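As structure tokens, one chain now follows by itself in the form predicted alone.
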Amino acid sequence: MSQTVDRALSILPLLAEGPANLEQVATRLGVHKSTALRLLRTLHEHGMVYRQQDQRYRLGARLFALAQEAVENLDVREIAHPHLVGLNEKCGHTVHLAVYEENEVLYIDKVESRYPVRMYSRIGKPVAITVAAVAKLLLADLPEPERRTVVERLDYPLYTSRSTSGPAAFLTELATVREQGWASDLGGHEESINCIGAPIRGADGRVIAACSVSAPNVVVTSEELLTLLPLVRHTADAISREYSGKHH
């Protein structure tokens, strides 16, 4: 076990009881003041603790933001799951749910295809951000300046000949996605796999998650998959309504 991490994490429940100064933290941890200061500084850099004017430390805003994000993701997953299962039962294909967090798009739920095909996606794993339908939906909803910053910072791997080529192409596509309210990835990540997705919105209209249906060419053509779009959008809207009802 890492002693440093152990000590640093012990500071958080201590500060949850209320603000404390350096001496109090050192005493409670049973360490030198220099050690306590080093730990507090690192936590401060990560926004986990905050140093007040009176030199006492309290829990940082970033900690609350992380906790809030975790609660929301847990919540949207719980609400969405039965709807995703229903979507999978209707169409038979792989269904995913994803969120945007810390500059990454992550899968937070997955319902396997009833066909003998396996998608190599994993819950909790990052999505291919420049090509995936769910990523396009989540990034398209970011305010324009933030969207541009994110897009310009990304790498653009050419997974296939149909992958997004670079920032300019991606910004154009995100504008289209924002306008039309749905997204697709037709062979942009794996030649043979197509995907369509729709946004899930919170009470304020912002996109909080995205759900998608993916299928390989051997099962359905991209044209056939696109005919499922109303069903995917209907599912996303139903999740949005239920989520918004709970979070009003």
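It should be emphasised that the depicted structure is a prediction, and the values quoted were computed from it without experimental measurement. Only the largest set of C-alpha atoms that superpose within 1.5 Å between the two forms is called the rigid core. Heads up: residue numbers just count along the shown sequence, starting at 1.
Below, we refer to the form predicted together with the DNA, which is not included among the displayed structures.
Asker: Would you kindly say which of Val220, Leu186, Leu59, Val31 lies with a heavy atom within 4.5 Å of the DNA in the model of the complex?
Answerer: In short, Val31.
Asker: Can you tell me if Arg201 lies within 4.5 angstroms of the DNA in the model of the complex, counting non-hydrogen atoms only?
Answerer: Answer no; every heavy atom of Arg201 is more than 4.5 Å from the DNA in the model of the complex.
Asker: Give a yes/no on whether Ser10 approaches the DNA to within 4.5 Å in the model of the complex, heavy atoms considered.
Answerer: Taking the distances in the model of the complex, the answer for Ser10 is no, it never comes within 4.5 Å of the DNA.
Asker: Can you tell me whether Arg38 touches the DNA? I mean in the model of the complex, with a 4.5 angstroms heavy atom cut-off.
Answerer: Yes, Arg38 sits close enough to the DNA in the model of the complex that at least one of its heavy atoms falls within 4.5 Å.
Asker: Mark Thr227 yes when one of its heavy atoms lies within 4.5 Å of a heavy atom of the DNA in the model of the complex, and no otherwise.
Answerer: Close contact is absent here: in the model of the complex, Thr227 is far from the DNA, nothing within 4.5 Å, heavy atoms only.
Asker: Which one of these stretches, 204 to 212, 50 to 58, 64 to 72, 186 to 194, sits within 4.5 Å of the DNA in the model of the complex when only heavy atoms are counted?
Answerer: Stretch 50 to 58 is the one.
Asker: Note that the DNA is not shown here; using its position in the model of the complex, name the residues of 1 to 18 with a heavy atom within 4.5 Å of it, in sequence order.
Answerer: Contacts from 1 to 18: Met1, Ser2, Gln3, Thr4, Arg7.
Asker: 2 Å or more on the CA of Gly30 between this form and the one not shown, with the rigid core superposed, yes or no?
Answerer: Comparing the forms between this form and the one not shown, which are aligned on their rigid core, Gly30 does shift its C-alpha by 2 Å or more.
Asker: For Arg56, does the CA position differ by 2 Å or more between this form and the one not shown when the superposition is done on the rigid core?
Answerer: Yes, its C-alpha moves 2 Å or more.
Asker: Out of closer and farther, which fits the Cα atoms of Glu101 and Arg7 in the model of the complex compared with this form, where the change is 3 Å or more?
Answerer: Relative to this form, closer in the model of the complex.
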